[in-house]
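Here you get one chain, nothing else, as C-alpha cells; it is the form predicted alone.
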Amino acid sequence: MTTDLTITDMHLDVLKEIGNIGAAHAATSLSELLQRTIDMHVPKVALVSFDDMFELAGGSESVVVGIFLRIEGDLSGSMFFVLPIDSANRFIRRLVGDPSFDFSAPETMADIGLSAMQELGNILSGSYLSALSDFTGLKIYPTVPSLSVDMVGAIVSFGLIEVSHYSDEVIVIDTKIVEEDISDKSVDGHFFLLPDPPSYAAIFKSLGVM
C-alpha cells in the first residue's frame, strides 16, 4: 500500500475475528427473519489488488447482485456485499417463497424480493459495523444501502475512486452463509470493505495494533 501504515497478517487476523463476531450477530438476525437456523462465518480476510478483488467476485464482467453503502462517522469508506446471481436467487426465493423470482429477469423481480435483498444488506453490514464499532469504540454509521444488478467492475469501481488516490489494494472479507439442512448449497458472498485509507490508522490505533 502507499499509505504510511503497512497492513500485516496481525491486522487481518484482528479484522477476521471482528468479522466472525459480526457474522454471528448477523446469523442470529437472519435466523429470526427466516425462522430457521442460519450459520455464518468468515473463512478469510485478505489484502488484495483491485484486479484480484474483481476475480474473487467472479471477474470484472460477471453480472452479480451488489449492495453498496458508505461508512460515515469517525471512519469513512465504502462497503460492498456482492453475491453471484444464483446464490442471490436461491436466498430470496426461500426468503419470500417465490420460486419464480430471478435477478436476471427484471419482469420477475417483485418488490418484496428486492426489499428482502436490501434487508439482507442492512443486516450483514449493520452487524459487521456494530462489531467493528464495539471493538474500536469508534462511532460508525452506515448510509442506506443501495441495490444493483450489474457487472462486478461497474458496481465496485465507484467505491475505488477515493481509495485509488492512496492505494491499489483493498481489504476483502469473505463471508459464507449456510442454511440448516442444505449445507451443500451455501450462499457465498464477498464483503468488500474499503475504508478510505486515512481511516486505517484510526481503526488499528483504536484496536492497539499499530
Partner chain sequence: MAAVKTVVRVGIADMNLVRESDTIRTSGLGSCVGVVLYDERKKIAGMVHVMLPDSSLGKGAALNAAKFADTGIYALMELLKTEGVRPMSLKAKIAGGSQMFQFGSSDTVRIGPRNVEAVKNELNRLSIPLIAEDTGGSSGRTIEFDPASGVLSVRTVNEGTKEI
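Residue numbers count along the first chain shown, from 1. Please read all numbers here as calculations on a predicted model, not as lab measurements.
Same protein, other form: the form predicted together with its partner chain, not shown, and the subject of what follows.
Contact annotation: its partner chain lies within 4.5 Å of heavy atoms from the stretch 145-153 in the predicted bound form, the single such stretch among 145-153, 35-43, 22-30, 170-178. For residue 56, no non-hydrogen atom is located within 4.5 Å of its partner chain in the predicted bound form, even though that partner is not displayed. Proximity of residue 47 to its partner chain in the predicted bound form falls outside the 4.5 Å heavy atom cutoff.
Although the partner is absent here, residue 158 is a contact residue: one of its heavy atoms lies within 4.5 angstroms of its partner chain in the predicted bound form. For the chain shown alone, residue 137 is not a contact residue for its partner chain in the predicted bound form, no non-hydrogen atom being within 4.5 angstroms. Site residues 190, 199 and 203 are none of them in contact with its partner chain in the predicted bound form, judged by any heavy atom within 4.5 Å.
Contacts of stretch 31-63 with its partner chain in the predicted bound form, defined by any heavy atom lying within 4.5 Å, are made by 50, 51, 54, 60, 61, 63, listed in sequence order.
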